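Read the single chain below, which is given as structure tokens and is the form predicted alone.
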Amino acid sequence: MRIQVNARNRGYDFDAAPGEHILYAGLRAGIDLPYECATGTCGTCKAKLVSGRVRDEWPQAPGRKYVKPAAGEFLMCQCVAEEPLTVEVSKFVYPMEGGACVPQPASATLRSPHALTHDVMAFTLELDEPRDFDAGQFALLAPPGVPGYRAYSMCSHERGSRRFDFLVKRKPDGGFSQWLFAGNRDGAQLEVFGPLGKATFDPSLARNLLLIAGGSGIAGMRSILTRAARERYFERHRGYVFFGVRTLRDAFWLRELSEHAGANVEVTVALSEDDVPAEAKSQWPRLRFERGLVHEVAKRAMAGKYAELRAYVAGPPPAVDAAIRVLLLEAKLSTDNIRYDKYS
């Protein structure tokens, strides 16, 4: 199905496969259409229908509160074309840069699911063919019997790999997490679309790194740390990692984070609902532990350390928004030096 997208700066046309969501078809064609979550939550991918018909596959999507159906607006990540379309987006749109990891659909097998805490599970996906992705990116996953995609960041980083590592936090109303925790899913077949996301790290950045993560938001941060360590990035630059959880019982990957901590990398675990147990510091001497919300702990620790800095933030929307306010108002960072992912 032919799709014409008219942006503020120019127009693009591409083909969508039958039943393919408009956003995914455009991204697959190498067109950097506007999006943030790509799963119907944020409303960033809204467009206006000029001609043709679309079918909305999730009329209850939270992001629909940002669109005006009476004005022909719709979410490109949730709608498919029923005939050739012409649509408008209110933003500037450009082709993806040369060398970018262009998202594509794939099939994958879930392997080695294992619990990290009482409500966090890690697993590996074996893709049908090798794929590249940038450190900090995420993918959309669709398990059998669960409608729609869910977005999760890759924890690992390795170019040209068929194995992507993920973690998932159990949510009471989370379709994917409830499916994952309901039984042994080893060997299950999933549909995947990705990689996606612009909160990415490349060693050519040549800045100090500030990583602020709430809960499972640490996933993409570990991918960034893995690539930075492989490139010996912290021999030339400093790193500051803040990992926020409710209590020490909710923390995980402390051994892995300890391996990154060193002369130029400080790793702090922020406990929002519990005092720091005495045994934490003796058991994990390379880590720092503080009581408080992760953005407040980061604000105290980072005072006067914001020069030549790129910040990455991930986690629940309230935590991300609070951290971004600190980075804008206290750190005075420019928006191009703040990269973030929200997990709704």
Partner chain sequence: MGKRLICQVADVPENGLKECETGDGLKLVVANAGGEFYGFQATCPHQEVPLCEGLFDGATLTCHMHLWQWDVRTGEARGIAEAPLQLFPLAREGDALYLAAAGGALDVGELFNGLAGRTLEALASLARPEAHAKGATLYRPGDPADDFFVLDAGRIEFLIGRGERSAPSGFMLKKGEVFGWAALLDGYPARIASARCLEDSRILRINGKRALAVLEQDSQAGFVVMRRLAALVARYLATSGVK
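If you're wondering where the values come from, they're calculated on a predicted model, not measured in any experiment. Residue numbers count along the first chain shown, from 1.
The next section is about a form of this same protein that is not shown, the form predicted in complex with its partner chain.
For a residue to qualify, one of its non-hydrogen atoms must sit within 4.5 Å of its partner chain in the model of the complex; all three of 6, 42 and 338 qualify. Remark: residue 91 counts among the residues lining its partner chain in the model of the complex, judged by a heavy atom distance of 4.5 Å or less. Taking non-hydrogen atoms only, residue 324 approaches its partner chain to within 4.5 angstroms in the model of the complex. Contact annotation: residue 300 falls outside 4.5 Å of its partner chain in the model of the complex, judged by heavy atom distances. Using a 4.5 angstroms threshold between heavy atoms, residue 68 counts as touching its partner chain in the model of the complex. None of 263 to 271, 198 to 206, 93 to 101, 211 to 219 except one has non-hydrogen atoms within 4.5 angstroms of its partner chain in the model of the complex; the exception is 93 to 101. Annotation for 296 to 332: interface residues with its partner chain in the model of the complex are 324, 325, 328, 329, 332 [heavy atom within 4.5 Å].
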